[in-house]
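Only one chain comes next, encoded as structure tokens, the form predicted on its own.
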């Protein structure tokens, strides 16, 4: 049940067998059906989620009820509202299963305990935060400086697994374009 999580950790830091047991004890498994929520607007995000299988989407709603996707997460990815998780303040996000999923959950207090008992995990989580910062920076730069076609082509290049797995309307929302524009770009790309 924990193989993928332990592999994710071992790719970034060395971990002992005893530490692996500590990690396993800190997490719980949640099974989700398609369209189940782990987080809703107004909730405090008290857990971070490691996707064991399935596909998750993190988004916010504007005043008109339009969804604005901020993150997708598939097998081996972490997801949650880091702002709410770290600040303890209510989230303005929704975290939803796009397909049946299983996630490993760690509560804030269990993570803190784990960081004390397995200090090498401080490095692991620091690396994750640094990678997240780089990804967010790249995304913001792309959103403000690139046209729709370039944004889509970069997205497909970086995340080819999402192009076929995630409904087009969510990809368009993530890219900050309309579904119609995305459809046109996809048709033009296929014709080349």
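Note that this is a predicted model, so its numbers are computed, not measured. Numbering follows the first chain given and starts at 1.
Here the subject shifts to the form predicted in complex with another copy of the chain, a form of this protein not shown in this document.
Among residues of the shown chain, residue 163 is not one whose heavy atoms approach another copy of the chain to within 4.5 Å in the predicted complex. The closest heavy atom approach of residue 52 to another copy of the chain in the predicted complex falls outside 4.5 Å. Another copy of the chain is not drawn, but in the predicted complex it has a heavy atom within 4.5 Å of residue 131. Taking non-hydrogen atoms only, residue 155 never approaches another copy of the chain to within 4.5 angstroms in the predicted complex. With the partner removed from view, the residue among 82, 98, 74, 105 that has a non-hydrogen atom within 4.5 Å of another copy of the chain in the predicted complex turns out to be 82. Scanning 35, 40, 31, 68 against another copy of the chain in the predicted complex with a 4.5 Å heavy atom cut-off leaves one residue, 68. Contact annotation for 134-148: residues with any non-hydrogen atom within 4.5 angstroms of another copy of the chain in the predicted complex are 134, 136, 137, 139, 140, 141, 143, 144, 145, listed in sequence order.
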